[in-house]
Every structure is written in structure tokens, then in C-alpha cells.
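Two separate entries follow, structure 1 and structure 2, each one form of the same protein chain as C-alpha cells.
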Structure 1
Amino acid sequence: MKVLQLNDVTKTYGKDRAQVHAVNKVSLDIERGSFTSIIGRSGSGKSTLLKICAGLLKPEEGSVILDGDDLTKIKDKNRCTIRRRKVGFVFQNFELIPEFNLMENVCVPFYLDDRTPDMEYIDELLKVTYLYDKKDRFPEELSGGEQQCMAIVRALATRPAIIFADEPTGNLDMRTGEEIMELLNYCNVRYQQTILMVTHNLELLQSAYRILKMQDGRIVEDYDKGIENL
């Protein structure tokens, strides 16, 4: 079952001769429960495509259907609501609120949506990431790896339809990066969580069922191992 569908999506920057097609007529289907990685050189359009998929950017052309909702045809307010409820986003720079402790950071999506967090589920996530005993600590009191784990727990807490991860290991050393990848793989298997990840590190691709390579705003290679072959 498809959780995400892109049809001839285009996003440009600049005008006239300076115009650049960051994403150029990309069509893509992402299956529910899959783990897909997007690779490519800097400037190939990876992060722009990810942000379009997540509803953070709106393309000039094409459609983006996320869990049944066409993000290109709804109002900005409704798109924000869909992002809070159906999307988890993991940033390279963590994007944590320094004035909030770990638990408060994790619960931010619920505060914004006036919903009650599932504390039993969140506690389970914190135990899996070894953060349960640190839930009263603030981001500056945690290591980079712990902050990224916190960001992943926040992304998972709402049980989203899909998690988007933009270079989630980019600011971490190799060993910590591998631990973050193991955590994402665990979330994919244990919680059947769909993951679409951008990375430049080819050594961290073993978890992905499918690898997409971008070049000049287009997907030029699509290597699909398939869940059944792992």
C-alpha cells in the first residue's frame, strides 16, 4: 500500500537564465512500511525533494499525495495540521527547543495540536533509546547522539504515517551515526514505521530496502532490494 505518491513534481529557484530546477518532474511512490534512502551529490535536489514530500515546500507543478491527502491542493493551515499528525521530521541539526527538557520537546507536536500524548508509548520509546532516566534533562545536557535520539523519539511519538530524515547522522561521528542508523532500522522493523531518508554517507545504506540516486533534480537510479530480500 502506498503512503506517498509524487506525480511530475517540479520546484525551481531563480528566474530566467538564473533559474535552477532543484526538482525536475519527479514521480515517486513510497510503500507503507518501507525504508528508502535518497543519495546524490550536494545540490542534486535531495533535501528539496524531501521537504516537498513532507509538505514543508510547495512545488510549482505536480501533486504530492501523503496518506490520501493531496498537499498541493489544500490550504496552508490544513497542511500544517496534516504535518503535525502524519509526518515526523528528523533534522541534521536536531531542531530541539533549548528551553524545553527532553519530555517537553517530545510532546511539542501534541501541545500544538491540543492532543493528549500517549505516555505509555512515549515511555517505551525512551526506554528503547536509553533516554528514560534523562527525560528531565535539557538538550545542552545531552550528547549529540542523545539529542538526535530525542529528535527521533519526537518524530515517532505521534505515530506518523511516515518519517522524513534529512542527513540525520551528518553532525555525528561515525560510531554514533551507526547507532542512529540502527535505531532507525529498529523503528522500521519494530513499529513498521515508514522512513524516507536523505544521506550522503554510502556506508550507512545497509538498512534501506530501496536506494534512489538524484542528479540535477531528477531520480537517475532506483535500486529496490525489496523487503522480502532482506
Structure 2
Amino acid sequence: MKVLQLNDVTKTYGKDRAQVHAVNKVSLDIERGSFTSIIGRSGSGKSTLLKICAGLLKPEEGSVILDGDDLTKIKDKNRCTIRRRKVGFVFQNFELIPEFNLMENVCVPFYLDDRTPDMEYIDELLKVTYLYDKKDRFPEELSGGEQQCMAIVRALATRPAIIFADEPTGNLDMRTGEEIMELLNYCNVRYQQTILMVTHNLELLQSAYRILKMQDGRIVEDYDKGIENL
């Protein structure tokens, strides 16, 4: 069953000669419970595509159907609610709230939806990411890698049906990076959460059963059977 469907999606930045076709007529189907990696050179459109998939950016053309809802047709307010309930997003630049401490940042998606945070699960996530003793710290009091882990915990805490992760291991040492991958794999296998991840680290691709390669705003390759066919 499809959890995400893109049809001829186009997103352009700038005007006239400065125009960039960041995403150019992309069509894509993502199966529920699948794990997909997106690779491609800098500027090929990976982050833009991920934000469109998650309803964070509106394309000029095409449709984005997330779990049965067409994100390009509904009102912004409803789009926000759907996103909060169904989607977890790890931003390339974290997007943490500087005035909130770690725990408050992690709990924001719950409070916005009037939901009670699942403290047991959050504690488990904090232990796996070695942040358990740093719950009261503010983002600026954490290292880049710790902030990355914090962004990952925030994205996973609500147990979203679909997790978008934009280079989630970009700032981590090899070992912590592997642990984050294990955590994402665990979420995928144990809770059937669908994962769409951008990565530059080819060693992380082993866990992805499907690999998409982007170039100049298009998906130019789609390996459905994993790394051995790359």
C-alpha cells in the first residue's frame, strides 16, 4: 500500500535567468513501511523534495498525496495538523527552538496537538542517543552532534507514520551515526514506520532497501533492491 504519492511535482526558485528547477516533474510512490534513501550531489534537489513530501513546501505544480490526503489541495491549517500527526522531520540544519531546552523541544509537537508526551518512549530515545542526562540543556549548550540527536529524538517521539530525515548522521562520528541508523532501522522494523532519508554517506545505504538518485531536480535512478545493485 502506498503511503506517499507524488505526481509530476515541480518546484522552482528565483526568476528569469536566476531560475532554478530544484524539483523538476518528479513522480514517486513510497510503500508503507519501506525504508528509502535519497542520494545525489549538493544542489540536486534532495532537501527540496523531502520538504515537499512532508508538506513543508508547496510545489507550483503536481500533487502530493500523503496517507490519503492531497497536501496540495487542502488549507494550510489542515496541512499543519496532518503534518504534526503523521510526519516526523529531521532537518538538515536541525531547526531546534533556541529558547526551549531539550525536553521542551522534544515535547513541542505533543503540546501543539494537546497530546500527552509518552515519557517512557522519550526516555528510551534519549538513552539510545546519550542525551538522557542532558534533558535540561538548551540547544546552544549542546554539541553539533548532540543537537542532531536531539532533532532525531524530536522527530521520532510522536511515533509518526512516516519519518523524513535530511542527512540525519551528517554531524555525527561513525559510531554514533551507526547507532542512529540502528534506531531508524528499529523504528522501521518494530513499528513499521516508513522512512525516507537523504544521505551522503554511502556506507549507510546498506539498510535502505530502496535507493533513489537525484540529479538536477529529477530522480535519475531508482534501485529497488538495495546496495548490491548499485
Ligand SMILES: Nc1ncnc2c1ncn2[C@@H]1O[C@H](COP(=O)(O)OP(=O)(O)OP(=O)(O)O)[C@@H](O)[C@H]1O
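For the two forms, the rigid core is made up of the largest set of C-alpha atoms that agree within 1.5 Å on superposition. Please note that residue numbering is based on structure 1, beginning with 1 at the start of its sequence. What you see is a predicted model, and the numbers here were worked out from it, not measured in a lab.
Quiz prompt | Correct structure when looking for the form predicted alone | solution = It is structure 1; that copy is the form predicted alone.
Self-check item: Identified hinge, Phe138, Leu56, Arg84, Gly43, relative rotation of rigid parts between structure 1 and structure 2
Solution: It is Arg84 that lies at the hinge between structure 1 and structure 2.
Quiz item: What turn in degrees does the smaller rigid part make against its larger partner between structure 1 and structure 2?
Solution: Rigid-part rotation, C-alpha based: 17 degrees.
Quiz prompt | Shift in Å of the C-alpha at Glu124 between structure 1 and structure 2 after core superposition | solution = A shift of 5.9 Å.
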